[in-house]
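Before any questions on how it binds or moves, here is one chain, the form predicted alone, in structure tokens.
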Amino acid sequence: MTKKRVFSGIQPTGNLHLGNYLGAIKNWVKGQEEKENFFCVVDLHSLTVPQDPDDLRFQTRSLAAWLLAAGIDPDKSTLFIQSHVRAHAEGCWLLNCITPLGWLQRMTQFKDKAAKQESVLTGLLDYPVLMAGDIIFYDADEVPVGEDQKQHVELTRDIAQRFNSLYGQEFFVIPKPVIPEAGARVMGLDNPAAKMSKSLAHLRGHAVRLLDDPKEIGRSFKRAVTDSGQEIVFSDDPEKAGVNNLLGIYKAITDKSEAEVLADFADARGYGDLKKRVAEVVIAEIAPIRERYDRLMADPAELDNLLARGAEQAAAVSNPKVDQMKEIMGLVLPVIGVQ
């Protein structure tokens, strides 16, 4: 049986935190045996807002190193930087030319972000088209996303179907969004009613950042908001959101069932004990990843070789797809050897 193909992208915006790891990266690592995976550091998407060039370069390499350190295996999956493969930017223009403006203007994230900016860059409006290309240029069957990105995958489906309809052929695979069940929503330690966020990860007590040392991780959990009770249970009660978040983190780290998690805390002496034990399993999980990350960042030549290998593998799939698009849309392809 042919393995299903999966495309996953993540922006190099810094402040990588526990929510990113449990909500996405850990699941990516576990799924490498089951499916054909393309993992992309989407640096072009980062340009939709102003960037410091040196910082963007560092964050791009840092994120790639984190993914490798966390267990993305170049022998099982394709890991690459978006801007290293020409199909993404080039193919985005082709998709722009068949995507109605109204489709982009209705996107919730665009409206929310645009409302907070005095001057809105075209790239912010066009972000979903680039994302659509990221996915459909690889004929991806599935796209693991959080709820906040589901609308973008639905737009991707619309764009792919529109292209197929306009040109009378089933050229693009129609992908489907897949929302992970475990660890999909890690909430802020300071506010368990709000999702842990990169944009707030710099705030003390909000997030556990993957570059934090063990002592800082322990302090972050010690400050975590809970409630006035002492009962350690999974609950839908908003008052228990903090406890529920801590138990969810423990469950996602250990891969245990709810019953097994509760059994582990049957002898806990209140919330202080809960926070301490959750911090311990998080530290134990992150420590070896951090060590591998440090080794990769200390050896830029090896990191570059791994990324070049990934870009070559990705280009072998997506560049021919975009060339086929050009031909279908009526463009004259260059003579072999002329680029």
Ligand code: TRP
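Numbers follow the displayed sequence, beginning with 1. Computed from a predicted structure; not experimentally measured.
There is another form of this protein, the form predicted in complex with tryptophan (TRP), and it is not shown here; the text below is about that form.
Contact with tryptophan (TRP) in the predicted bound form holds for none of Ile25, Leu210 and Tyr293, as no heavy atom of theirs lies within 4.5 Å. Contact between Ala160 and tryptophan (TRP) in the predicted bound form is not found at the 4.5 Å heavy atom cutoff. Tryptophan (TRP) is not shown here, but in the predicted bound form it comes within 4.5 Å of a heavy atom of Val145. Taking non-hydrogen atoms only, Tyr127 approaches tryptophan (TRP) to within 4.5 angstroms in the predicted bound form. Under a 4.5 angstroms non-hydrogen atom cutoff, tryptophan (TRP) in the predicted bound form lacks Asn319 among its neighbouring residues. A single residue from the set Val42, Ile286, Ala314, Ala279 has any heavy atom within 4.5 angstroms of tryptophan (TRP) in the predicted bound form; that residue is Val42. Contact with tryptophan (TRP) in the predicted bound form, judged by any heavy atom within 4.5 Å, is made by just one of Gln149, Asn244, Ser83, Ser197: Gln149. Contact with tryptophan (TRP) in the predicted bound form, judged as any non-hydrogen atom within 4.5 angstroms, is confined among 248-256, 199-207, 231-239, 130-138 to 130-138. Of all the residues from 300-324, none has a non-hydrogen atom no more than 4.5 Å from tryptophan (TRP) in the predicted bound form.
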